[in-house]
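Shown next as structure tokens: one chain only, the form predicted on its own.
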């Protein structure tokens, strides 16, 4: 790689040990991918905020102890626990200690305590074409596909290195030529009635991720009036079933106002189709439960928005969560403050819904699980649930989740894509 005089000085330790370590990691990354030089980024989203192994904690603490400071605005992904309501969350003492250590290290380095997987809904919104370095799979896919900002899929610990240096190697999705669509996925025989059921979007995302893998795909047939939260669910599911960093949703993605735009003058290498029967099949595959049982309802993966809370409050109005069911809604501190100030939080709490912040529900401390089955409206959570928690899951719409919570019995409605 061609390094500037300043970058060479950093590698020699003339600007401190923390920058030297950070840049050496990024240079190694760049050389692996054939990058010619480093490039500036305007903001970073840190994925490695969930305690998984001691090495993650120790690396962050090492950088902080060496005086490392973020050089650009830096947001933080969720923790393994609710950092403000950890007692209600029943967090084990060991997990609390490790999570606090991670929290302290990142805050000492100057990161913003967003504690959310949807920084794009909390004010950390990059512009179209802006070069950024984000971790967290749904955030990466959303930034590239919906906003049109540019980021690679940055793995754990590379993100904090990028934040300290304010640069990343110049390769991958940072470059226009690598953002060209390779495969075209067409939605066929999908009616307007089907799109009116919001559960279709995570299911489409799950299928798109499987089909695209790590390729850039163009998606034809998504309504242009699709809501932001539906796009969030689609991107999250696609990034969980495939290594998706960028989707060109025709008419939605800024770089894909037409198919020709995202193909950059070429033809797709492959053309695939999604039919209603495939959506039905995806819904069945995302439900691993063998019995009609769901005593835990989880929504907010990715974190619930204010608009989603409004919808949940309307569905719960005048109703109560059954005593045999636990209902969790996960969100960010910012949205928590908004729903608290306008009364939605009290209404939901009075109805039996428990609202948590800061946390990823997939990282719930397993030793305190006491549930038999869960239900969710998240394609990402449904895809990961059994492998990460050992708990069987049923995928359903938000309406079905609420009906199940209220009745204490698994409630399913006939979906429009499942009709004969």
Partner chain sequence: MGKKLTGRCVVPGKCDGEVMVSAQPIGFWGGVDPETGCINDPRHELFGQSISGRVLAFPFGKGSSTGSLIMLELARVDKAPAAIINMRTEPILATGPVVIKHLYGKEIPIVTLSDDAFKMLKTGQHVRVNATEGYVIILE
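Positions refer to the first chain, counted from 1. For clarity, every value in this text was computed on a predicted model and none was experimentally measured.
The same protein also exists as the form predicted in complex with its partner chain; that form is not shown, yet it is the one meant from here on.
For the candidate spot formed by 24, 28 and 158, every residue has a non-hydrogen atom within 4.5 angstroms of its partner chain in the predicted complex. When you look in the predicted complex, the only residue of 197, 288, 131, 122 with a non-hydrogen atom within 4.5 Å of its partner chain is 288. For the options 189, 350, 214, 97, the residue carrying a heavy atom within 4.5 angstroms of its partner chain in the predicted complex is 214. Contact between residue 359 and its partner chain in the predicted complex is not found at the 4.5 Å heavy atom cutoff. Using a 4.5 angstroms threshold between heavy atoms, residue 114 stays clear of its partner chain in the predicted complex. Put simply, residue 241 is close to its partner chain in the predicted complex: some heavy atom of it is within 4.5 Å. Although the partner is absent here, residue 56 lies within 4.5 Å of its partner chain in the predicted complex, judged by heavy atoms.
Partner contacts here mean any heavy atom within 4.5 Å of its partner chain in the predicted complex, and among 206-214, 318-326, 82-90, 335-343 they occur only in 206-214. In the predicted complex, 382, 383, 384, 386, 387, 388 are the residues of 375-401 with at least one heavy atom within 4.5 Å of its partner chain, listed from first to last.
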